[in-house]
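Look below for two forms of one protein chain, each set out as structure tokens: first structure 1, then structure 2.
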Structure 1
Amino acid sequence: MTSYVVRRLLSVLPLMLGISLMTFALMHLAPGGPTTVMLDPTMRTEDLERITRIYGLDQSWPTQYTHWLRRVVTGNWGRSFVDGRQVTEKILERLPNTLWLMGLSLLVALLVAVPLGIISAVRQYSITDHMATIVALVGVSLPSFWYGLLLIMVFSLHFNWFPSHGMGTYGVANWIDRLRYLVLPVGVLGLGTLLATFTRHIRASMLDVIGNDYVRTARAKGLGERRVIYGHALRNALMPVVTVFGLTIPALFGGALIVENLFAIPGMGRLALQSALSRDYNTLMAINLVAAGLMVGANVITDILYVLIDPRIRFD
């Protein structure tokens, strides 16, 4: 087991290297290179040359990449082109908001999707099943930003129940207040595409499991339907769903990006858009790295969890 975990962690290295290479390549894809953004029409040629030299842009690609990589690994991610603050600092103050949003949405999606998926599989072709199918179809087709705007229209502008934007008062003092601000964003992120994806997977994998011999055996020996479903079938049905978990992280992050901008939540996604609009490459690159890193981390965790909960799997 330990050796598997170690090997799984090591297998991340080439992937992270690839991710860093791609991020670096993206940055240098810009026409004219990264200096063009900082260009000031009044700048003299000597100044441009000086900047090019300071940032090491006159050196070859591989040299630049290794230098950059060394800085990234040691935690020196450079400064924002816009306000000159450390990029790491800017991201760290926003990361918690994004993680809260993503985490709560995952939780809400699972809380609804698990029962919905189970019921629609157990009572295949029932009304609940048809409803689940519709939820799944609508969920993947609904543009989250429009869905969010409709919720704002109804719940904040018409009924005035929930605030339409912001994150509430800062600090730990007022949790209830902060949660109130998160109701609509989590509703959009959790009860949209995410819910649809999970419901589909849980239903499919539950249907798979129900057809198995051991489920029939459990029924044959006279167990009640409840015991059969929740005792025997569910645990096996949820296993493949765990793998979906890691794969949904990029989509979840993308969803959070839209939702944060819609509800003006000061998270990473909002920072990403602001950086993109102001062409703040350093910050943008760092956000890309963090987002891809989150995905890789989530996948490692789900893989290890998978081995822990499913004793049949052995990687030797």
Structure 2
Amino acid sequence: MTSYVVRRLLSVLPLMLGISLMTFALMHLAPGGPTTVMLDPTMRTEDLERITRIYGLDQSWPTQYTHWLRRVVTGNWGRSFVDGRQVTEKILERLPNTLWLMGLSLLVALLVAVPLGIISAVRQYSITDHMATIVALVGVSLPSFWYGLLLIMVFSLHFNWFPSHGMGTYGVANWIDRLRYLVLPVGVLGLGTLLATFTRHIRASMLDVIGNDYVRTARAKGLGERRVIYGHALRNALMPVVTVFGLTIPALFGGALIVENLFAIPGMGRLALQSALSRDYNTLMAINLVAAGLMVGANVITDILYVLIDPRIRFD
């Protein structure tokens, strides 16, 4: 297993190189650039040309990419074109908030989807199954921004139960206060499309295995229904769900961009939008690399979960 993980990590290098090259090329093909944001009516042409030379923006984009790649290899991700801060400092400042949001959303979605999907499969065509289907359809159909605005209007503005923006109360540093600020964002990200996706896949997987011979044999041996479902059927039904888990990480990161801007959370998604609007190339490249790293890491974790769920699978 260790050798497989090492091989996977080594295969990531050309993938990350290709992603960075495509991202860099697309950013430079877009109209405008960092200097367009810096334009000021009082700025002289000589000053603008000097700033362009300092940042190396007067060179061709392949040359700029080569210089950027050389700096990244040495651990220097450059400085932001907007405020001059180190890009690594800005990333490390925002990344924990995004990981909190993504992690809690994924946890809440699984905690609700697993029992809901199991009940829907065991009690097929019951009222519970129909209700779960409706919940899944609503979750898939609701746009995140509309769903978020609805939660803000009801639970923040009307009832005043939860904060509508930010990541914590100023001067208060404890996890309970942070969780209060994450209730609505996690409700949008975890109980929307993510919950619907997991619920439908768990239900479909359970229906595939619940009629197999080994499940009937377990019942014939006199095992309790709970042990049959959770000890025999669920473990085999989780294989397709684990695959979906690896595929939902990109969607989860993309959803975090919308949710963070909607609830004014200082995370990677909000930083990505601000950097795109200001043409902050260095920060955008760093965000893309971090996002690609998270997605590749999720796929490696998915492969490891395959072995833990089904010992018959071997990668070595």
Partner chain sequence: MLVILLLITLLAPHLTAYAPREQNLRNRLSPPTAEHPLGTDMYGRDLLSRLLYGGRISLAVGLLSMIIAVVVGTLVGALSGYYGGWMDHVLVRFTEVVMAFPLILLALTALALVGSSVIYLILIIGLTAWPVTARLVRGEFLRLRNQDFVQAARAVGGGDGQIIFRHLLPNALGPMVVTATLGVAGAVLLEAALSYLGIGVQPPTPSWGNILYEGQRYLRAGAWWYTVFPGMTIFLTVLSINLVGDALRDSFDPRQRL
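Note that the coordinates shown come from a computational prediction; the quantities given were computed from them, not determined experimentally. For clarity, a rigid core is taken as the largest C-alpha set superposing within 1.5 Å between two forms. All residue numbers here refer to structure 1's sequence, counted from 1.
**Q** Looking at both, which one would you say is the form predicted alone?
**A** Looking at both copies of the chain, structure 2 is the one that matches the description.
**Q** Has the Cα of Asn299 moved 2 Å or more between structures 1 and 2, judged after a core fit?
**A** Not so; Asn299 is displaced by less than 2 Å.
**Q** Can we say the CA of Leu223 moves by at least 2 Å between structures 1 and 2 when the core is superposed?
**A** The answer is yes; the displacement is at least 2 Å.
**Q** Upon rigid core superposition, what is the positional shift of the Cα of Thr23 between structures 1 and 2, expressed in Å to one decimal?
**A** Shift of Thr23 at C-alpha, rigid core superposed: 2.5 Å.
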